[in-house]
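Given as structure tokens, the chain that follows is alone and in the form predicted on its own.
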Amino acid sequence: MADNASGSDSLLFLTDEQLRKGIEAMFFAYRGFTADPDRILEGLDYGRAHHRAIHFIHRAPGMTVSSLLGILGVTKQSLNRVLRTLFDDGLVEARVGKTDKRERRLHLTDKGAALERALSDAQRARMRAAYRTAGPQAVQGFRTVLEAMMDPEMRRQYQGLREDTP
């Protein structure tokens, strides 16, 4: 048997210890990735659910509530609580759909866009620093790993967002 220390064949021989280290690295990386926005949100009495809603409303202005429900994978009741707070605080507004008047199309207000920018700037700075440290090949490999970990429906949603990028 040929020794193949690089390439995809070597991935077949990942040990449980290597996988455990990867899992733990993801846990700690996620804590770091969310720490900066959490500090911003804490002062506003918001949580990560608010952050996710703001992020995706910014990402796809005019999305419907049901589309946001599908992306976030939360209950309607949970999302309604989050949206109610964001509406009341003037961060998000719902506009009536142009073709279907029953639809509520979600948009960030100027105040909501400013908060989204602060939250995203913090995360972009962390990602940029990590990507610079890791290098271009690692960046592509990281994205490939993340996409491979997604369930098929989540991957379709993610790819749909990527296709909407200008």
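It should be emphasised that the depicted structure is a prediction, and the values quoted were computed from it without experimental measurement. Don't overthink the numbering: it's just position in the shown sequence, from 1.
The same protein also exists as the form predicted together with a further copy of the same chain; that form is not shown, yet it is the one meant from here on.
Note on the partner interface in the predicted bound form: the residue among A49, V65, I40, V139 having a heavy atom within 4.5 angstroms of a further copy of the same chain is V139. Shown alone here, L72 lies within 4.5 Å of a further copy of the same chain in the predicted bound form, counting heavy atoms only. The shortest heavy atom separation between A113 and a further copy of the same chain in the predicted bound form exceeds 4.5 Å. Interface membership of R31, defined by any non-hydrogen atom within 4.5 Å of a further copy of the same chain in the predicted bound form, is confirmed. Heavy atoms of Q123 reach within 4.5 Å of a further copy of the same chain in the predicted bound form, making it an interface residue. Taken together, A35, R59 and T144 are fully in contact with a further copy of the same chain in the predicted bound form: each brings a heavy atom within 4.5 Å. Contact residues in stretch 16-50 (any heavy atom within 4.5 Å of a further copy of the same chain, taken in the predicted bound form) are D16, Q18, L19, R20, K21, G22, I23, E24, A25, M26, F27, F28, A29, Y30, R31, G32, F33, A35.
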